[in-house]
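Taking the form predicted on its own, here's one chain by itself in structure tokens.
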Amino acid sequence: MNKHNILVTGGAGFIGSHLVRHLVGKYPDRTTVNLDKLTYAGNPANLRDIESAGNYVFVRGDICDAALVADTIRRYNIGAIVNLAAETHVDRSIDDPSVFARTNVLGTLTLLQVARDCWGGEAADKRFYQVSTDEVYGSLPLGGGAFSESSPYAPHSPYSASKASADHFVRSFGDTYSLPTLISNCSNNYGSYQFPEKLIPLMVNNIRLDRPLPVYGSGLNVRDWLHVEDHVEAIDLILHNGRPGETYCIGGSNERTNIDLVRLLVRTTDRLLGRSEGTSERLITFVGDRAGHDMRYAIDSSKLRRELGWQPLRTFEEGIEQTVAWYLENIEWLDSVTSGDYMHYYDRMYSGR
């Protein structure tokens, strides 16, 4: 694996841009290729600091374009594919499931077929890595328990159903065609460059602009939060040291109810803006719950810790402080992405659709 060039699909998005930056910096003697369609959440500005690096290549295109994918693999001698190209917003999947089926399912299938054809009988030392989500496992009760690699799939939204289907295709290509595959299922990520339809950047942006802070239902849904850079380090470790055919769960062991997280974001953002902590709590607005809203997610990462020695390096409190500070220090970036399409979904969420 250490000799192969790496293709990251969806590398201009949130997690993808952090992974691309990490790989370019850590492996200067290998080329990292970023294939991204640049939909609304893919932003070239996320990688402006490395766009001139000699070991970085950007290719604009769709993972459903088999000819383009094949040309990219052959042209850049790709020996590892990390698939992060995906539609990810649950609300959008409720509005139009077909878009999610196309990108998340058919796109993954296209990558698998092309990788199999391009690598042929020399695939043994190659890797196809599918980055998935804990949402494929469904919902946990508030009383306890955690998802693990042996948890049954039980997706509740079109988004999670599309990711579950993609995971099944990846496993099938490992079993049927002996393609060396890896899958990881991760908990909620947070950090810089996250498109502000997601909870944390949405709240920070609305607090700074004195806009309502929409919270679904009673706000008691629980999520396990992991800093994106800890996730990226886990991906790198699994890609290079994970056992082909295996799945690894990645979690932060930082469970928070949505309402507790929003209140933490209020206090942190208010303080960093020079306001009295808690001033913006008046903006919290409970809206109608999301259809099929999972109650709780939690991840058991013991396999990853035990087999590969991974552990998150950032505490939740430190990570949140750094994340809020980044958004407030990068207002130009926030303003560039919070227009038009973003506001449509913000307005829908606030109206309690």
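Computed from a predicted model, the values in this text were never measured in an experiment. For every residue, the number given is its place in the sequence shown, counted from 1.
What comes next is about the form predicted in complex with a small molecule, which does not appear here.
- Of the residues given (Val266, Val90, Ala161, Val114), Val90 alone sits with a heavy atom within 4.5 Å of the small molecule in the predicted bound form.
- When you look in the predicted bound form, the only residue of Thr279, Asn258, Ser172, Ser148 with a non-hydrogen atom within 4.5 Å of the small molecule is Asn258.
- Residues placing heavy atoms within 4.5 Å of the small molecule in the predicted bound form fall in a single listed stretch, namely 197-205, out of 197-205, 175-183, 120-128, 237-245.
- By the criterion of a heavy atom within 4.5 Å, Tyr137 is excluded from the residues contacting the small molecule in the predicted bound form.
- For Val215, a non-hydrogen atom is located within 4.5 Å of the small molecule in the predicted bound form, even though that partner is not displayed.
- Although the partner is absent here, Phe316 sits far enough away that none of its heavy atoms falls within 4.5 Å of the small molecule in the predicted bound form.
- Of the heavy atoms in Asn221, some are within 4.5 Å of the small molecule in the predicted bound form.
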